[in-house]
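Quick heads-up: it's one chain on its own, the form predicted alone, in structure tokens.
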Amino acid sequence: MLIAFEGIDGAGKTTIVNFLKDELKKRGYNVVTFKEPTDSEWGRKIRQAFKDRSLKPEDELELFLKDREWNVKRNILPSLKAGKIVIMDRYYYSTIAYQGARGIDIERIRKLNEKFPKPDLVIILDIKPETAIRRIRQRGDVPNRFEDLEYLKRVREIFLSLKNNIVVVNAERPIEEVKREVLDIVLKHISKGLHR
């Protein structure tokens, strides 16, 4: 099973992914987590571009596709074939939302990503952009180009417009509430999958 966590920065994706991995392991499931961008040469270029704002949207999209291809071949597919639950901290829905908000056609981005494994479940942790920027600053980070308020509003709109196997979770609430809801959603989804 492939589960992807999406949402704007500051929504708590990494915290929730780590919590979910631990909870599922306690229940005896074989779980792995992966993050995008990865540590591949393309992922490193993407992260550098975040800092120096050097890439055009099209070039950025190209790097994301190469990085994802590497991740799918090296990590995601082998793990799925081995019967593991794969949890993604960002996947191609982030590319649709973030690059779409930079002006690239959303349908085109979607089509380019259709060759990759489709998640069985996508959970969007939804927060207001104002909350996101506050949280980013609270953790001591300086918001990067992807964390400008107006831009994040466009990104959030795209995330909330996405359909198919997508559950939106209100991540404005205390983290413990969010954890409980996410765990409940995922366990129900797993048991539904087992009884097909």
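Note that this is a predicted model, so its numbers are computed, not measured. A residue's number is simply how far along the shown sequence it sits, counting from 1.
Below, we refer to the form predicted together with a small molecule, which is not included among the displayed structures.
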Answer key: of R44, K66, K35, R137, within 4.5 Å of the small molecule in the predicted bound form (heavy atoms) is K35
Here the chain appears without its partner; judged in the predicted bound form, the stretch of 124-132, 35-43, 22-30, 163-171 with heavy atoms within 4.5 Å of the small molecule is 35-43
When the contact criterion is heavy atoms within 4.5 Å, does S79 count as touching the small molecule in the predicted bound form? no
Q99 within 4.5 Å of the small molecule in the predicted bound form, heavy atoms: yes
Discussion item. How about N71 - does it come within 4.5 Å of the small molecule in the predicted bound form, if we only consider non-hydrogen atoms?
Written reply: no
